[in-house]
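This document opens with one chain alone, in structure tokens, the form predicted on its own.
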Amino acid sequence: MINFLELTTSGLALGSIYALIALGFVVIYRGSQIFNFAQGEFLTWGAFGMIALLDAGLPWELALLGTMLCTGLLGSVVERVALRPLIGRPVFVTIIVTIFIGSILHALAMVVWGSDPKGMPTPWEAMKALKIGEVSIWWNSLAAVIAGAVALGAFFIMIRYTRLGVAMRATASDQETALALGIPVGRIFGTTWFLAGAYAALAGVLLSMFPRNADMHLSFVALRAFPAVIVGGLESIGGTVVAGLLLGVLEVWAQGYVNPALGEFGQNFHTVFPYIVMIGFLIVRPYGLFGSQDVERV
């Protein structure tokens, strides 16, 4: 029971990070119908940018805000320079472009910060744990859950109750109608990429805390979070968050219980487990947990 609670807490922490990453995928897709396969590189830039700002002497909280701001601006620049001119082009064109942009960002990150892993400093002791009876919960795991909840809650409040949120929902519903109503659709595109970059930076920082490190392989975590987009529903923001939390918990449970039971075959089985769940949903419920099935009149 103790091990189960510790694994569940770690799974919720990982799921919160997956939810932040998957939210970036969904927000961009809803706004501009683009699959951003450069999303993983925003994690890398966020994590190493955070370490660079801390090394420059900024307080931890200011460094986090600065990192999210800079990575969000990077996302907006990528959208404005490379992707907005491709509006109306086939989907596969924009996919190839985002993959190409991801490769460029990865190469630039290696030039700027090198390829060696780096530890992420925290305001608290890196190995500090909260004791509840016999259960030990890492402070880093708690921080990931709390930060993820605050960030996701702020996003839902913004999308629901602000003029920007209304404009984003209108643009996601019908771009031409939104433009006719005077909504600056181009600015909304830039804003969605800004939010995706900022949340990816936060996820990169949380993912780089002990017992992990910031390294150049962080971008692959975005691919591990991608099944949450499919499981939750490609255009459902709430479904994506729920699916991210669910897949994070299931992955950690698989690592704790399924991997040892499978012996040598189970080595790193947990890393492919989210894809198994995704394939199951694609077969049984291809529009996801909270997605809507498209109905066409003929």
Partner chain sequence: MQNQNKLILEVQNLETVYHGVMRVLRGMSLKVPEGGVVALLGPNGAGKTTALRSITGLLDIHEGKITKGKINFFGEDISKVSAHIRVWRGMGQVMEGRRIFPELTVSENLQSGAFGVGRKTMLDRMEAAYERFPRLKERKDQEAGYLSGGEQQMLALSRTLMSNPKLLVLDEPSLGLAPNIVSQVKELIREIHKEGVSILLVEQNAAMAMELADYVYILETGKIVRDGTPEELREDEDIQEFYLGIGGEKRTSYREVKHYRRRKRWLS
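Residue numbers count along the first chain shown, from 1. Keep in mind the model is a prediction, meaning the values are calculated, not measured.
Omitted from view is the form predicted in complex with its partner chain, to which the following refers.
Contact segment among 128-136, 142-150, 160-168, 102-110, judged by heavy atoms lying within 4.5 Å of its partner chain in the predicted bound form: Contact criterion met by 160-168 only.
Sole residue of Ala154, Leu181, Val81, Val91 within 4.5 Å of its partner chain in the predicted bound form, by heavy atom: In short, Leu181.
Its partner chain contact in the predicted bound form: His217, any heavy atom under 4.5 Å: No.
Proximity of Glu176 to its partner chain in the predicted bound form, heavy atoms at 4.5 Å: Glu176: yes, in contact with its partner chain in the predicted bound form.
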